[in-house]
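Just the one chain here, the form predicted alone, laid out as structure tokens.
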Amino acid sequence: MGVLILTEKDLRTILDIDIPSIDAVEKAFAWLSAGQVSMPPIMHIEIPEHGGDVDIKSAYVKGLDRFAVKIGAGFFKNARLGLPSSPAMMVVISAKTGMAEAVLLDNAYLTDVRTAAAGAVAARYLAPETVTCAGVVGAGAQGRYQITALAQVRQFDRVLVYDRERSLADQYAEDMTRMLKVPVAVAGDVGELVAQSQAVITCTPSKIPYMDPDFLHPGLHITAMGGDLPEKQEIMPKVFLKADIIACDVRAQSFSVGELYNTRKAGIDLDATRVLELGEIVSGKAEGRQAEDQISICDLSGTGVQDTAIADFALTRAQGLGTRIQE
């Protein structure tokens, strides 16, 4: 059969941020809750002399014929060389034979899609039904993907964006106003953004938390995406003390990286049993938002099962595309 090679261009023609891709990622969370997933810890490699790092994520799902191994890199000096800063790929392996079925040279596009889809799944179950204003902290690529995904599961009248680099925020507002066909404005600071929003997404690589407990108000949902390493943190630990609902993708992982890890490190006694896994919510084992005035937080650090889910979904749509190399 050989190995199918799909480029980023191929993948962009068959996959977008839409309800089918969001549903595919929601299945991944349900698989976790059902105990169908074998998922090793994230393998992280630092390459300091070149300002880079590599994460390797994977997961096998019982019953699926294939699974993905993702090699996701971040080399932010690549721009000087005219190369992508996230030269990621996924290798799809047969669960029956161990042979490679496909190599997806996506340059992190699939990661962007599945991460945005995960944010939409969190909002689907945790954000209030009525969202007049959505807020995004971080005007980078993921900030664009996240608000696009949120628009699939919640209607909103306007968007506020904040970024430390005002020029990025200004460009975001211009581009996303055109794309979303709703007004997008730049907030003066994070506090102003949160005060006016009912659904807020944080997607920054910050190592200094900026989401203050004084910003919170009834009826607020926050999805925090940035804390995928122990040293990354967007949310001040005391924020969690004011939340009615706390959710994450996988408890074991979330208490070892990012927000929940740093909350415990700060001495906040956050009982793991109080933190729901998103899979428990989507499968009906636990309840999501039950009242419009609740405050909810979902801490998502990204899981290998999401990569397997989005890779499998992409291959179901790839008939006739790509280059097949015969062994």
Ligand SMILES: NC(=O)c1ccc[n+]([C@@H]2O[C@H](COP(=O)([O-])OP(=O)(O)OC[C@H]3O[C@@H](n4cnc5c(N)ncnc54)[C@H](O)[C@@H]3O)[C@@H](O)[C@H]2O)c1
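Please read all numbers here as calculations on a predicted model, not as lab measurements. Numbers follow the displayed sequence, beginning with 1.
If you look for the form predicted in complex with the named molecule, you will not find it shown, but the lines that follow are about it.
Trainee: If you check T148, T204, N107, Q198 against the named molecule in the model of the complex, which one has a heavy atom within 4.5 Å?
Mentor: The residue from T148, T204, N107, Q198 that makes the contact is T204.
Trainee: Looking at A100, L180, L241, A141, which is the one with a non-hydrogen atom within 4.5 Å of the named molecule in the model of the complex?
Mentor: It is A141.
Trainee: Check for me whether the named molecule, as it appears in the model of the complex, comes within 4.5 angstroms of all of E26, A30 and Y60 - heavy atoms only.
Mentor: Checked in the model of the complex: no contact with the named molecule for any of the three.
Trainee: Does any part of G226 reach within 4.5 Å of the named molecule in the model of the complex? Heavy atoms only, please.
Mentor: Yes - in the model of the complex, heavy atoms of G226 and the named molecule come within 4.5 Å of each other.
Trainee: Does G302 reach the named molecule in the model of the complex if we count a contact as any heavy atom within 4.5 Å?
Mentor: Result yes; G302 sits at the interface with the named molecule in the model of the complex.
Trainee: Heavy atom to heavy atom, is H221 within 4.5 Å of the named molecule in the model of the complex?
Mentor: So H221 does not count as contacting the named molecule.
Trainee: Closest heavy atom of R124 to the named molecule in the model of the complex, within 4.5 Å or not?
Mentor: Residue-level check for R124: no, no contact with the named molecule.
Trainee: Partner absent here, but in the model of the complex, which of 88 to 96, 213 to 221, 107 to 115, 152 to 160 has residues with a heavy atom within 4.5 Å of the named molecule?
Mentor: Careful reading of the contacts points to 107 to 115.
Trainee: Listed by sequence position, which residues of 53 to 81 have a non-hydrogen atom within 4.5 angstroms of the named molecule in the model of the complex?
Mentor: Nothing in the stretch sits within 4.5 Å of the partner.
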